[in-house]
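A lone chain, given as structure tokens: the form predicted on its own.
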């Protein structure tokens, strides 16, 4: 393996390791510097394909690496000072988890996928408990126990695939699968792996951990979970599914379509009744995983499905990032995550209220936002793939979701304030809010800026 194959990871690992020996503020700035340097290296590598055995670096992995690195950078910038001062290891944990994600999207072998996944997950289990209260401890324990169970299911599925193909490298598995006759063992192995990754992306019915963990973990960690971690799980899921694309007897597309319909419907219906904004966004994220799975289910049937799916992932990440970063700003000032306590926030802090409103409007799929075009592309591709019934379900769910998104907006802009709480925002958090909200508008108004890059990405096999 040549050194340039993992050069961004080496830079990140050096920054994370050194940060452990520095004061909290210096560790933060070293983490920011390491992530920025890695973003530059990945950007300069665009268009190159580097193969290192267990890893393959192509435009697919480069693009997802930018999502992970950008998310980690924004989360670090937005992190509250008290969390950074109290937990000196926090920047290093963020970076180590990001290293796992960058390796995960580049993994070309079942062994490296599993190792990268654990490198991604273990720091997240720890970070979920950094709130140092009962809810945070419960979130960390629940996330770790269920995550270990999901990993066991995933390994069991990988064992089935290895047992019936004799291979762990994805290209060789793809060749073996394309030549295989109807094989119940391979079917069982793939569906077990889908279940394992379903946990990582909070897809129904593997979503049970998300609401409690999102509520109990520090909001910075929740933001990282809902954006970068979800994108990492989806990236590796696409890589694996592309290896099982050939045989007509293995119709994983219909399985994902059913999971998509269930996730959208149940996620949105349960979100309506939530009074805690982090729990509401957790169920919203479950529903949006369902929307994203529409695109994944269309892979192999629609030539633009991959571009549409990645566009949706980016649009969701930016919209969710803007929403959660605003929650950091508001909740840390008013001392509550209850939606009712957000009453009248816009009267005293209109800019923060505007950013969270923009994020929620984009999640709802309103025109001139990234979320609108993301849904338009996904729905159009699904129609071209013969999934018209799924598009009807998705449109109905889009209407349902608008109710609870606009309920929050109404509370902030039109309800009488319970008390005067002016939201103060640090410069770095303000910068993160500006970047995420600008991204929503740019993708909604000029989507070609990102679609041109996505056109250079192809399925791994």
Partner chain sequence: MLGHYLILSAILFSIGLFGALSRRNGVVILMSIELMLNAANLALVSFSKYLVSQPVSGQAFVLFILVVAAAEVTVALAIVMEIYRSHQTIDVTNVDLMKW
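Note that the structure is a prediction, hence the values are computed from the model and not measured. Residue numbers count along the first chain shown, from 1.
The form predicted in complex with its partner chain is left out here; the points below concern that form.
The candidate spot formed by 132, 141 and 145 lies fully in contact with its partner chain in the predicted bound form, as each residue has a heavy atom within 4.5 Å of it.
Stretch-level contact analysis of 304-312, 156-164, 290-298, 366-374 against its partner chain in the predicted bound form, using heavy atoms and a 4.5 Å limit, identifies 156-164. Scanning 272, 152, 81, 383 against its partner chain in the predicted bound form with a 4.5 Å heavy atom cut-off leaves one residue, 152. Interface residue among 334, 255, 115, 190 relative to its partner chain in the predicted bound form, by the heavy atom within 4.5 Å criterion: 115. Proximity of residue 212 to its partner chain in the predicted bound form: non-hydrogen atoms within 4.5 Å are present. Taking the partner from the other structure, its partner chain in the predicted bound form has no heavy atom within 4.5 Å of any heavy atom of residue 235. Contact annotation for residue 343: none of its heavy atoms lies within 4.5 Å of its partner chain in the predicted bound form. Although the partner is absent here, residue 110 sits close enough that one of its heavy atoms falls within 4.5 Å of its partner chain in the predicted bound form. Along 267-285, these residues reach a heavy atom to within 4.5 Å of its partner chain in the predicted bound form: 270, 279, 283.
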